[in-house]
Every structure is written in structure tokens, then in C-alpha cells.
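Alright, here's a single protein chain in two forms, structure 1 and structure 2, each given by itself as C-alpha cells.
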Structure 1
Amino acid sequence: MTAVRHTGAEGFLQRFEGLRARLPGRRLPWLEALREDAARAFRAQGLPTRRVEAWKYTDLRPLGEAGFEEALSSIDGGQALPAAHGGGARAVLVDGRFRADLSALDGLPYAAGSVAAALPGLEGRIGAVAPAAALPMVALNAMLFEDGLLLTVPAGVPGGVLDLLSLASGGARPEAFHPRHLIRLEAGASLTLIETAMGPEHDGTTLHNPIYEIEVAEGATLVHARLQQEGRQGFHLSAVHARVAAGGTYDNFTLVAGARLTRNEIHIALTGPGASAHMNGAQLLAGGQHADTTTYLDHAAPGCASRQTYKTVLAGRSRGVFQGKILVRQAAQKTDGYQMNQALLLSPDAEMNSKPQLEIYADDVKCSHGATVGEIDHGQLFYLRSRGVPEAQARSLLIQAFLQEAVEGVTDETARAALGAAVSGWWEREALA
């Protein structure tokens, strides 16, 4: 293996040493050990460089150079929050810390609250789905997390729609926060979780490093839509780890429109027969933005299905990355796997790198992937122009149609509408800019 070179890991390790006495759960031996192990793993791996195959297209050097400090929350209760997508149930985190005063979680048929407040009872749950040593960003989070959303939907309960709002307040100095979200749907339960990540409002540099540990039990359905619209000086380093049991469905949509540098990893394991995963996403990039979506789908049981559609639109000098691996284990006969990733280059200075990947050890399977990179189709543009649609509008129409395909894959109507609005809003802003 290529030797891992260390870059900028030292700053994070120092912060851990300085903070550890004040981190939540410091008196819990198991958590102490978990953080210690994470620090060891992070020290060993460092922040990966581009010499590491999985990081070939994303350079974390600017992250190492930023010198982050602990976030000081400066948002008070008086501030107006964006409207919720669902029926009003809402969990709010500011700088990675759960804010009961801003959240609206009363009268829900399931338990939702703060990870920090429940820490003594979370032994064996933190790190169960996302082991710290697996990925550098998970290790970083395990070392430094303070809080997150803790959510358990009991068996058979339809949870409806929950909004999760993640705000960054931002300060004069670069600030980092590392929320850990634990989401569990028991057998037959369902939930639609719509997450919006925003802020800071001024040009502050932030690092948002959320890790999701998701368990979908037999026959349960979780729709998880993430809208990342953070400030253009932000760094976003996230990993979703989900485990789906027999007959369960996990539907993930990730919209990336914000941040200067984004890396989203989505790791889904289909562990029981008949489980299914939908993974869709859109990366809307402009200026000097860099966004990387890396998916890893593990077909570990027979008769599972997965569908992936990822779209990237690139303007300005932006760079997009898609890496998607489908692993079909020997036991996973009758697997049906499909993956499509497409990119539209709107500018001569934009760059797209994509690496779809199939690794298949079972023979009775149907697996395919496709990838395209190109500009707006001149024929389609001509068709619209010849019918009197002005060029700017025609382009806008074609871009939206291109993105629509990914949005349409989302199974929940509310989530789909929220994503549709976010997608069209982005292009209107970019076209005017």
C-alpha cells in the first residue's frame, strides 16, 4: 500500500488534547477509550493525501492549513429560523450542539433529542455502525464530537416528517464542529428526515464534520434528504453509515450546493434479504467550489436492490468528483444493482472526475453502471430556441430537467418537493450572479 502522508492532522490532535477534559461524557470510561482509539487511528492515518487511492481527486490540504478552533455558539432564541418542510416537528443544532430551546419535538410518537444528554446510556451504540478506524473523518468526529441528534422510532410507528436544521454561527476565527447523529428505526417503522445545513451568514470559515449512524430494521423505511447549503468558506466532511435489515429501505438524497470543499461519503450495507437502497444526489457547483460524493454500497444478502442516480452541474472553476462502488458478495445472489452518474459542464474551466466501480463475486446478478460527462446538448438547446425560448431560459430549463431525474428518485413527496425547490433556487441564483 502507498504510505499515508500526514497533513495538518497535528492541529486536530492538539485540539483534542486541549479539549478532552471538557468534552461531554468525559467520566464514561467506554467513551474515553473510544475517543482514545479514534485519536490513535487519526494519528496513524492523518488527513489523507491524494496519494491515497480513495482521495485521488480531493485534496484536504486547505483543511489542514485552516487551524480550526472550538465553535462558540452565538445564535440565540430570538433569531428567525427558516420555515420547516414538514408538519412542524423540528430538531435544531447550532454549531453541532442540540438546542432544545429552538427545537419543536413535543408530542411526537417517537423519541428525539440530544446525544450529549443521553451519553451514559449509549455505550455500544456509538461506533456500532460507523467504526472510528474506518475513515479519517469518522475518526476525527469520534475524537471531538460533543452532541448530535438521537432518534429512535419504535417498531411499527409511522414517524411522519422531521426537519433537522443544522446551523453554523461562524466567528472571526475558523471554527469546527463534529456532530454525531444516531438514528434507529425499529421493525416496520417509518420516517422522513429532511436536513438543512446552513450558515454562517458572513464569510466565516467553518468545518462541519457530521457522522450519521443509521440502523433500519426489518421492514422499516427511512427517507433521508440532506440539503447542504453552507457558506462558501466552509468545509464539509461527512459520512453516512447505514445498515439496512431484511425488507427495509433506506432512501438517501444528498444535495450539495454550499461550502468551498465538500466530501460526502455514503456507506450502505444491505444485510438482510430483500433490503433496498436508493441513493440519489445532486452537486451544484460554481466559483471555486470542490465537491466529492463517494458512495460504497455493500450487497451482503441475497435478493437486494439498489438504485443510484447522481448528477453534477459545474459552473465557474468548480471541480466535481463522483466515486461509487458497488460490492456484491458471494452470498448476494439475485442482486439488482444500478448506478448512474452524470455531469454537465457549464464552463470551460470546470472539471469533473468520476470513478464508478463494480466488484462482483456472485454470478446470478444484474448490475450495471453508467457515467457521462459533457456540456448542454446543442440539439436540445436549438429545439427550445427555435420555439422562441430565450437562450438563458432554455439553458435553465435543460439544467433543471437534467437534475430532475435525480430528484424524481426520491420516494417521499415532501422530501422531493423540498429538494426540487432547492435545486431550482440554486440555478436562479447562479444565473443571476
Structure 2
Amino acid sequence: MTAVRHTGAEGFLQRFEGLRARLPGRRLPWLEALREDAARAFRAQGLPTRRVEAWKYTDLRPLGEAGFEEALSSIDGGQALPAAHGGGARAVLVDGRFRADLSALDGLPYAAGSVAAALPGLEGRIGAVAPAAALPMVALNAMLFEDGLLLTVPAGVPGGVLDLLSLASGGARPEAFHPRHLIRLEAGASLTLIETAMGPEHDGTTLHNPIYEIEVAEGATLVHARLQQEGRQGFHLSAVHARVAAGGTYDNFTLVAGARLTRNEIHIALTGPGASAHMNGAQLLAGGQHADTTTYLDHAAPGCASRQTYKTVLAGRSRGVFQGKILVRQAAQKTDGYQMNQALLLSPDAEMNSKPQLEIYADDVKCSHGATVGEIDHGQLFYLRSRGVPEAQARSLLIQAFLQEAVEGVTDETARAALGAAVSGWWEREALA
């Protein structure tokens, strides 16, 4: 009875019933039970509506009405791929499935490969950080995931830079895929993961619903840069769930520049003393794009620090959302938390919704948050124009300056350069579109 109230849930549940016999791990009792539990949770919750407070500003009705089917990959091993960052190590997924023929993982000092190929040994790991019943989109992923990136960096190993390229092949019918990524850094390890999501600009409607389960052990450092550049017919609904142990650092930056509708959720728990998290991002929106960044930061241990800086640039009739919550538990004394969200409106038709939140139960903390929404400074624009800078270039310079604070928050130089290149020239491309 509950599912009837949530438009679109029935289609995904029917797809689960039809695919059940073909999904990976069907002979693993623990995985079959996990999928069945997820199906029950999704049946009870359905696709969230705007009556749910956390989804107040994001409408998923178009998602429920699309009628998504299983993706049929059309990218072959001879297709040219974008140049890799860093040393050239790369993991490639096409429509949520790991592709060894497109990946370059030989010689790495850590293990990286396919979740599907390793399923018999993953009991207790899938769902450990992101339980299926936690959120409806996590439940949907647990029902239907086929593959993903499995990555473990051993203790004390400097992992260097790894590219994760997620491609959507697209087609004549709406297609959906739900990768489950399992990433673990053991004590003292380090890694920079630069992820790029790309899809067809005009051919076909896609749904990319990745879930990340990330474990950062004592003293480990993970830099996770994400570039979402999928086609304007796509839907991108992702959730990052990370646990950071004592002295560990998780540094996340997400750049949203594609897809028709994006929901980027980040859930981080600082579970040990001295853990830290950097959560930065930028949303570059135009036309009728809608992007929602929702963060939840759990300070569960003393002496932890967190920094959040999110910038949104909106042109045309685009709509942006930022919801950020910092929870400081009673045991988390000496917490240092900062959160800032700023939006730049380039059009009178654009809209920004911002909802920062603090929930504090400790008495020895330093926490602050803020939000601003404004237009380009016309005085600065006039100054540049008066010195011969064309208007499109002048606007682009001011937009890049606005975004610079968020990009500079990325500690890894390779990741910072990749993000800067993606931001550079965005306004010129939109002005010529």
C-alpha cells in the first residue's frame, strides 16, 4: 500500500523481479538476502516525494515516469577515451559494469578491479557503510547493482593517482545502471581518486545511481575528486558514504556540470579522534538543469575538524539546492566545523535554495555556517569591459574567481588541476550554446 503513494517505485520493483535470476551473486545466500531486504525497504519507501523534508526542493516525478530498462552497452575496446590524469592508471566502467579491456591497472601497488568478480568474498562488506534500508536510493542500488569498483590500498602504501571513468553509452530507450563502489584505505595509506562521469549529450535518457562505501583507516588519506559531466538528458543520483578513523582524512570535491537532474549526497562519519573531512564542490548550471547537493557530517569523536565550501553558478532557468547538516555528538568535544554555501545568479529566472544546519550536543566546539546568494558585481564587470575585455570573457573571469575558493580547497595538485580545467571556459561554452 505504501508503494502506491510513491510514483515510479513499481517500475523499478518490476524490473528487479524480472532481473532477479540474472543479477550477479544469485547463488550467494547472503547477497540474495541483502537484495530482498533492499526490495522490501524500497517497496516501503518508494521514490521520495517533495513531502519528505530531505527532498523538499527536488522532484523525482520525471524519474518515475521515464520507464528505465537495463543498459545495453555499446562502447567497444577500440573507442577513444579521454586522457588519464596523473600516471595513467585507470579503471573504466561502462553502464555500471567494470571493463577490464578498457582499464589500465597493471603494476599498481594495491588491488583494484571488479566488484562482480569478487562477490563471493565480499560478505559483510557490501552494506557495511551504506545499509540498504538507510535511504531509498541506496535501497534501489542494493536491489539492482551489477558491478562497481573494488579497491583496497594496503597499510602504509602511497597509492598515487587513479582515474575512475564512468561512461553511459546511451541508446534509443531509457536506461539505468546502479554501480556499487567499495573503497578501503588501510592504516597510513594514501590515494588520489579522480572520477569522471560522462554520457551522451543528446542520445537517450540515462539514470546513473552510484553508491560509494568508503573506509579510511587510522592515519590514511583519500582525495576524491568527482567530475559529473553527463548529457543533458541524464539523471544522476549518487550517494557517498564514508567512515574516517582516528587521524584519517577524507577530501572530497564534486563538480556538477552535466545531467538534467543531479542529486549529490555525501554522508561522512568522523569516528576517531583527530579525523578530518574536507567537503567542497561547485555546481555549474544552465538551461533547465536542476542540481541538489545534500551533505551530512557526523562528528562522533573529539578533536575532529571539517570544512565545507560549496559554490553554485546558475544561468537560464536552472535551479540549485544546497542542504548541509553538521551533527556534533556529546562526545565530540574540541570539534572545529565550518560550512559555507554561496550562489551566483546569472539570470533573473534562476533559483537557489539553501538550507545549512547545525545540531550540537557538545559544549566545547567551534562551529559556523553561512549562505549567500547574489549577482555578478556590475562594477567589476564594467572595470574589465572598460579595459577591452569582451563581455563573455569578462563574465568567465569573474565566475572563475568566484569558484576559485572551492577549487583551492582540494589538497592534491593533480586533482586540483583537473577540476580547474573543467571549470575553465564554462561560461564561454554556455554563451555559445
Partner chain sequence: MPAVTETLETVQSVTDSGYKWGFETDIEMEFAPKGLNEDIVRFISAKKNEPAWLLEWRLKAYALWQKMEEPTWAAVKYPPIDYQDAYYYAAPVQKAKPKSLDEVDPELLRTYAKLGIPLKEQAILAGVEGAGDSPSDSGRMPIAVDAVFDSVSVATSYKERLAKEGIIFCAISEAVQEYPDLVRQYLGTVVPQGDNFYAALNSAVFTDGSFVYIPKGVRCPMELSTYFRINAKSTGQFERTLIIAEEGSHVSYLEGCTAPMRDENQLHAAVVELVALDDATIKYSTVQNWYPGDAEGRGGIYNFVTKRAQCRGRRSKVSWTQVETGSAITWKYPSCVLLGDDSVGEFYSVAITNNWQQADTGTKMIHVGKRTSSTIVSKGISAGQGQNTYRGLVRVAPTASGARNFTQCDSLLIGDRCGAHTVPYIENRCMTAKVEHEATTSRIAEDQLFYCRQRGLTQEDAVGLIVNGFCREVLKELPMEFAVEAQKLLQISLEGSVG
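Reference numbering: structure 1, starting with residue 1. Note that the rigid core is defined as the largest set of C-alphas that superpose within 1.5 Å between two forms. Computed from a predicted structure; not experimentally measured.
Colleague: Look at both copies of the chain and name the one that is the form predicted in complex with the partner chain.
Modeller: Number 1 is right.
Colleague: At a 2 Å cut-off on C-alpha positions, does E65 qualify as shifted between structure 1 and structure 2 after fitting the rigid core?
Modeller: The answer is no; the displacement is under 2 Å.
Colleague: Please say whether, between structure 1 and structure 2, the C-alpha of A392 moves by 2 Å or more once the core is aligned.
Modeller: Where the cores coincide, A392 still shows a C-alpha shift between structure 1 and structure 2 that is 2 Å or more.
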